[in-house]
Structure formats: C-alpha cells, structure tokens
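Starting off, we have a lone chain in the form predicted on its own, written out as structure tokens.
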C-alpha cells in the first residue's frame, strides 16, 4: 500500500507529517511512500533527501493517488473529495472546527483518524502528538515573551548595580506549562506556577519553580478536567495577586474540543506593571486571557498580550521531527506485512477514529 505525504496547504502551516527518517521506517514496514514536492522545505528536508530514503516525489497532492494520506492539518474539503472509499487519513482533524470536512469524509467512506482524539493511555504515548507539539509550544512561548519583554530575565550584578531577575508565572502545568517553566528557569527567571491538579505540585517543584497554593479543591489524575464557572471565578480572585506581581504570565490551559477557560481578566492585566507581557497559548480556542486575539499582539494599558497561533509551526524542524515520529508510530500500529488494516476494536485505534465505512463514530460537540 502507498502512503502519501502532502505539502501542507493550510495558511501558515510549516510542519510536515513525514521526514526522510520516518519514510525509511515506513518503507521498512513494507509500505511505499509518495511525497509531494516541497513538502519538507520548511523543515529543511529537501526532495532529494526523501528520494534518498526511498520515497517517490510527485508534484501533486496524494489524495486519490495513495491509500493512506498523513498530514499535520486536515485535508481541505476539496482535497477530501478526491479521496476514495476505504482510503485512510491521519491528521490533527479537530472535528469540532471542521464539520463540513467531517461530512465529506463520512460520505466518501473514508476512514479518518484524528490525533486530537488519541486516548491518553500508556500504549498510545509514542503517538501522542498533542503532547509532543505542546512541548514545542511551551518552549516557544517563553521565547516570544522574552522577545517582547523590555527587561532581562536573569539577574545581573554589575558595577552599576544589581538588576533583579524577572518574575514569570505559568498557569497550567501540563506538557506546555512544564516546558515553559523549564525554559524560563534556564534563562534565569524566578518562576512560579499553578495547576488545578494536585499531582502537578511535585513536577513544578522538581523544575526549581515555586508552586502557587490556592484555597481551592484540587483534581486527581494526569490531565486537567473542565471546571465550573463558579470555580473559575474563585480561581481568578485568588490568582489575581500573583498575576499582578509578575513580569511575564504564560497561560496554557486548554481543553480539547471546548472553549478555553478564562484565567486572566482585563482588570488583572491593568494591575500588572507597565511593560509586562502575557502569552496566551490557548488563544486559538477562545483564550485564557480576555484580551487575547490569536496571532496578534494586543495592548491593555501598558501590558502586552500575545495571542499565540500555531506555535509549533514556528519551529518546523523539531516540531516536524516529533510529529512525524508520532504519526509513523500510529501508522505502524495498524500495519502488517505492508498492508494498513486498522483494527477499530483496538482501544487506541478505535479511540481516535472519527469516520469509517460511511459512519461517524462519535458525536460532535
């Protein structure tokens, strides 16, 4: 069977779903690979490198030409309309935002897998693209904040006096938050963080940051769950003082398929010192900060709010390296003797399959 890797067509997407190293892996599993010309350009993977790995390069999108299409962003409805019954797609499908596309995939009889839906179980970790891309986003969030902050992050002792370190507050200590904490600490900032999950406390402290204790009920488990508005209102009241004392605030709280919870209000921003910077990693899903707009810098008084948009795409080399391995690992779970035949009774494969045989396998939000 043939696997197709297209050049991403969605605006501002610079990643690629397969690299020469994963092409070698897929070919080793008995699959043939077609790569659209220029697909890896932003990740510094030239067409010649794909051909050297054993792939065939083609000028056209692989939809309708290969049995499997792997991509970062989902195909457009027009691209999906070229897929044939029984073809397979793997991508960040985001079904709650792509209803027209989902209908096309269903009606065409395409078997589609969304990495947004991948079950959070141990056996799926090697394919967990949400986590791998969150790592990139957390690192990049600090870089973006440093670029905009009119201060040093580390402390400096000079003949002209001592410059104190910047104070960084990270809200949410999942993969993105922990990477933001680690990066800010490496750059010399004083870092504190908050998460609703009790288990996050030791993770935050292990990175050398202070965990902010709030008089609120905590959650068990590895992943944070959606909270009531009453809880969020009380949380905002208690966290306001820490926001006001920070030079940089990075918010990372997002619930897949739902609107992001508001953690930082306009009044909280106005209480921050002039020149402070807030980076909202949840801007694309509604925003943790009331003033954030995805892809834009917004001023609230003298405080700058950066609404992040597709942060992993801004680092396409390493983001693609991680994502390509995730996709290859998922594809190998459904491949045997050169044939891709997903077992939808499997917990992992069935859990992230959205459409199959003309049916929608889960209700859309």
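Residue numbers count along the first chain shown, from 1. Small disclaimer: the values here were computed from a predicted structure and weren't measured.
The same protein has a further form, the form predicted in complex with a further copy of the same chain, not shown here; the description that follows concerns it.
- When a further copy of the same chain is considered in the model of the complex, residue 302 lines it closely, a heavy atom lying within 4.5 Å.
- When a further copy of the same chain is considered in the model of the complex, residue 151 lines it closely, a heavy atom lying within 4.5 Å.
- At least one heavy atom of residue 186 is located within 4.5 Å of a further copy of the same chain in the model of the complex.
- Shown alone here, residue 318 lies within 4.5 Å of a further copy of the same chain in the model of the complex, counting heavy atoms only.
- Heavy atoms within 4.5 Å of a further copy of the same chain in the model of the complex are found in exactly one of 76-84, 175-183, 228-236, 103-111, that being 175-183.
- A single residue from the set 265, 125, 96, 218 has any heavy atom within 4.5 angstroms of a further copy of the same chain in the model of the complex; that residue is 125.
- Only one of the listed residues (146, 207, 117, 260) places a non-hydrogen atom within 4.5 angstroms of a further copy of the same chain in the model of the complex, and that residue is 146.
- Judged against a further copy of the same chain in the model of the complex with a 4.5 angstroms heavy atom cut-off, the residues 136, 164 and 325 are in contact without exception.
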